[in-house]
Each structure stands twice: as structure tokens, then as C-alpha cells.
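What follows is one chain in C-alpha cells, specifically the form predicted alone.
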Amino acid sequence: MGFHIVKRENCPWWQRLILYVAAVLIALGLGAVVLLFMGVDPIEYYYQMFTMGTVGNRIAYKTFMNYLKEFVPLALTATALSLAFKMRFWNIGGEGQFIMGSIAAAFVVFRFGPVLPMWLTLVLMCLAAMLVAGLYGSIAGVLKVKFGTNETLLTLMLNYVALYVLNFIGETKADWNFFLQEQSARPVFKNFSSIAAFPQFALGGKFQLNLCVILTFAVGALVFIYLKYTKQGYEVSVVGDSLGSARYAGMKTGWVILRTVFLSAALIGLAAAFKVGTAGVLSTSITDDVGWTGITVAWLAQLYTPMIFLVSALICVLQHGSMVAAATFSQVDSSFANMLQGAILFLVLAADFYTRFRLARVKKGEKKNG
């Protein structure tokens, strides 16, 4: 007798949910073991992490506002990446597209912000970031369609090109470089929050909701509708399932790939504009690794848009909460969240594999005949 992997016919949704929840709990359990070895009470640590130190905190509203600043670019970037991933175009270039979008947004502020109304400057920031990031991402799309290049390798290399461009801007004092403070002896990025900043709305007390949060949920809803209820979204799914079938059905697969890659990168540029317009300054660490984390989020959520927002919220709690907990438990580094994130990803993918496939016992002779 032997074993081989066969596809499951059907896995109920409730069984999938139980397996995914169990995977997360097991990851937290592994993290608890690590904390115990470090001499830290895991219950107290997780309490501090998941509450983000807001319980009994008089300035808890600031913690939640900072949390939303991390949530917006991550959720939007992961949503954008899922567009390309659904088409099986492996866009690993989120970091580079985010950087190029950030530079374009900052360029608009410094060049046009002083002479234009703030609302128009913000609109132009978003449009410029989307256009530049979209075109930058389309480089890999064009080469894929024309020459069949490997988009994974190409988008990965383009990340470093964008990073070097940003580092060059941030380290070069020159007359042309209006991104830096003129009066500073060393290179320092200029703050432009007084020129252009996304408005905030008071929701009772001192808590203020940034417009970017509302726009991010609106974009998420539009992407969900686009993928599920439009012809273009259907084409993305068909190309992702089988390129040959899409061609046989008469679809212009090259155009579908280029259109989707541009849209994916453009939405990452929009996330960059939101981040820059909220922070009010460009920096060499402007991405906060959302291009990499967004890949994890998209896969954990199975490329399903509503789930992407839920997973983004969880990942941001892990990241933001771990920094808060690290202030209480000095022996635990804030990067503990990265370990938990990796464990959750590995175990959720294992659970997903179990929901799709199973081990079947077969006789060796049957296996050979099959």
C-alpha cells in the first residue's frame, strides 16, 4: 500500500473556518512557548499586544489613530496586489511601485501645492502617484506580454531600482533637489504638512477619522464589485485560470494583462499618496515594508477582498501592538510580530492545503496503472 495526494471534492465553509482559526491559535500557542522561554508571561503580553495598550489609557484615541495610519496603506496595497495575483501575474514589485508613487505625490506638493487650492493639490497627488506607479509596474507587464519574461524576477529587481532612486534623492544636497530642507547642513526631507494634508473628521471626543480611511474602504468595495460583477473582472479570472482557454474564448489576453497590471500598480500608488499625504513628509522608509507584508496579507486572505481588510486589521494589530508591548517587556523585540506573522502564514497555508487536498491510500499496482 502507498499514499498519494488527491483533490478533495468539497470542503464545507464551516470546516475551512475552523481550520483557519485553529491555525491562528496554534501560531499564537507557539509564540507563547517562545515568550515563556524568554521569561515573559504570554497572557499579559498578548493582552498588551491585542489591546494595543488602549485599556485605561487616557490617550487611547491617539493609539487608534496611529493604528489606522498603518492599516490604510497595508489594506490598499494588499488589495491592489490581489488583482494581479488573481491573474497569476506575480507582482512582487509593491515596494518599488509604492516608492515611485510616493515620489510623484511629493513632487506635486512641492511644485504645485503653494499655488493651488489644497483640495486640488490632494487630487493631483493621487492622480500623479497612480499614473507613475502604474507606468512603473507596467514595465514588467509589457515585457511579459512581448517577450514572456519572468515577472517575479523583474518586479523584484525594479524594487531595488526605485529604492536607489529614493536614496539618491534623500542623500543628495543640490539646487535641483527641492525635496530636502535648504537650511539643513545634512540631507533632511522637507515637511509639507502645512501645504497639503488629507482632512480629518471629528467623531466625538478627540478622535479624528482621516479621509484616507473612508476612501480606502470605498476603493476596496469598488475592487470587489469590479472582480465579481464586471466583464473585465471576469476576464481577469479566466486569464488566471487558463491563458489558453482565454485565448480560445477570443479574449485579448495581452490587453487584459497590461490593463490589470497597470491597475494593480496604480492602486499601490494611491496607497502611497495616502501615506505621504498623511505623514506630510517623504522618507527613505516611507513604505514600512507594506509591499512585502501586502503579499502575505493577500495570500492569507485567499485573494478575497473583504477578507483582505480583515487580515490587514489583524496584521496591523500584531505589528502595532507588539511595539506597544515591547515598551512593557524590554526583553521582547518588536520584531516578535514578524515571527508570529510568519507562523500564521505557514499554518494557514497548511490548513488551506488540507481543505483542498487529502492523502489517499492506494495499492502500488493501481498507482502505476493510473
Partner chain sequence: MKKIVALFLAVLMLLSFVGCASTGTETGTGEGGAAAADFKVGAIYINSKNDTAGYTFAHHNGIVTAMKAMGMDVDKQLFIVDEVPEDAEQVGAAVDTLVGKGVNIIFGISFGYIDAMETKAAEYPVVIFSHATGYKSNSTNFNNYFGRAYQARYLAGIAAGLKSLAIGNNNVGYVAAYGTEYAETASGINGFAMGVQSVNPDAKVYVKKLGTWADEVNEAAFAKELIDSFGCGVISQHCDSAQPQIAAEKANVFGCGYNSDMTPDAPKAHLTAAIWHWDVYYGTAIKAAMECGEASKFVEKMGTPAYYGGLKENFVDVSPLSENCVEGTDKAIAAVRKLIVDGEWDVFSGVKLSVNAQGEVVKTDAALVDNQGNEIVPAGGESVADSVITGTMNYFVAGVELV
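Because the structure is a prediction, the values reported are computed rather than measured. Positions refer to the first chain, counted from 1.
Not on display, but discussed next: the form predicted together with the partner chain.
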Practice problem: With heavy atoms only and a cut-off of 4.5 Å, decide whether A327 touches the partner chain in the predicted bound form. | Solution: yes
Quiz item: Taking 4.5 angstroms as the cut-off for heavy atoms, does F189 touch the partner chain in the predicted bound form?
Solution: yes
Practice problem: Give a yes/no on whether A279 approaches the partner chain to within 4.5 Å in the predicted bound form, heavy atoms considered. | Solution: yes
Quiz item: Counting only non-hydrogen atoms and a 4.5 angstroms cut-off, does Q181 reach the partner chain in the predicted bound form?
Solution: yes
Quiz item: With the partner left out here, if you bring back the partner chain in the predicted bound form, are Q48, F217 and M323 all within 4.5 Å of it by some heavy atom?
Solution: yes
Exercise. Note which of K206, R111, R247, R88 lies within 4.5 Å of the partner chain in the predicted bound form, where distance is taken over heavy atoms; exactly one does.
Key: K206
Exercise. Find the only residue in V332, A343, L318, A301 having a heavy atom within 4.5 Å of the partner chain in the predicted bound form.
Key: V332
Practice problem: Have a look at 285-293, 144-152, 238-246, 128-136 and name the one stretch with heavy atoms inside 4.5 Å of the partner chain in the predicted bound form. | Solution: 285-293
Quiz item: In sequence order, which positions of 304-318 have a non-hydrogen atom within 4.5 Å of the partner chain in the predicted bound form?
Solution: Y304, P306, F309
